[in-house]
Ligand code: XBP
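Below, in C-alpha cells: the form predicted on its own, a single chain.
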Amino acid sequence: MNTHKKLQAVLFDVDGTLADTEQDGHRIAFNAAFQQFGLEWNWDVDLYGELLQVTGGKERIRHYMENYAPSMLGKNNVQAWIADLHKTKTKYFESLMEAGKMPLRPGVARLIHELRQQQIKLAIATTTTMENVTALLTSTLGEESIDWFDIIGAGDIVSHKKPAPDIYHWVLDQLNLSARNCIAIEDSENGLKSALAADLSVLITVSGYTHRQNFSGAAAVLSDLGEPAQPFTHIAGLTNHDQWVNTDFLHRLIDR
C-alpha cells in the first residue's frame, strides 16, 4: 500500500516569512503612528524584538502600555483608542509597502510561481491584518496576486492568535484539506507552535528577529528559501544536499 503523502497546499505566514517586514516596516510604522498621536513612545530595534513575543499589533500596544505606560490604561474607551492607533499604524505601513520599501525574501516569488504551475494550492495564515497582506502582495507580486491564494486567513478572523493553532485550523477547514497533505512555512517559534498544534509539517526560514528561537519539531530550519544563484544556509532538519526550496523538496518534507 502506498503511504506517501501528497503535497496539496502550502500555507504561508506573512511577517518575517514572505518579507522581513518587522524591523524596517511594522516598527517604523508604529513609531510614526505614536508621533502622530503625540506620544513620546519609541520602539527601538531591541525593544521591538522583545515586543514581538506578543502576536497581533493591538495586543502588542496593550502589552506595552501594561508594562511601560500603565497610567494610560485608565483612558476612556482604551480599547477603541488602541484600535485607532493601530489603524493609523496600518496606514503608515501600507504607504511603506506602496513605496516599494519591502522586497520579498529570497526564493518566495520563485516558489509561489512554481507551486501555481504545479497546481498546488496556496494559502496564507497570519495574525497581521488583511490590509497589510494586500499591501505586501500587490506591491511585490502585482495586483492580481491576491487571487493566486485559495484562502487568506488574516487579522482577527479567529479569536486566539498564534501560538494557538486556531488560524491554521480555520485555513485547513476553508481549504477542506487534511493537515497531513499540507505544509506551513513560518519564521518564528510562535508560528511553529501554532502550525505543529494543527498537526502540520513546518518549514522554518529564520528572520532577523527569530534566528535564536527554539525550532525543535520543525521538518527543516533554513536561512531562507534560497535561489539557484543564492543557495540557502541549512540550519537543522532535512535537506538532502538541496540548495533552494522547490516543490520536490516540500514533498519530501511532508513525507519524512
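These numbers were taken from a predicted model, which means no experiment stands behind them. All residue numbers are counted from 1 along the displayed sequence.
Another form, the form predicted in complex with the named molecule, is not on view; read the next lines as being about it.
The named molecule in the model of the complex reached by all of 121, 171 and 174, non-hydrogen atom within 4.5 Å
Negative, none of the three is within 4.5 Å.
Residue stretch of 180 to 188, 72 to 80, 105 to 113, 142 to 150 approaching the named molecule in the model of the complex, non-hydrogen atom distance within 4.5 Å:
Careful reading of the contacts points to 180 to 188.
If the cut-off is 4.5 angstroms on heavy atoms, which of these, 217, 231, 56, 49, is the one near the named molecule in the model of the complex?
Flagged contact: 56.
Using 4.5 Å between non-hydrogen atoms, is residue 30 touching the named molecule in the model of the complex?
Heavy-atom contact with the named molecule at 4.5 Å: present for residue 30.
Since the partner is left out here, which residues of 119 to 135 would have a heavy atom within 4.5 Å of the named molecule in the model of the complex?
126, 127, 128, 129, 132 sit within 4.5 Å of the partner.
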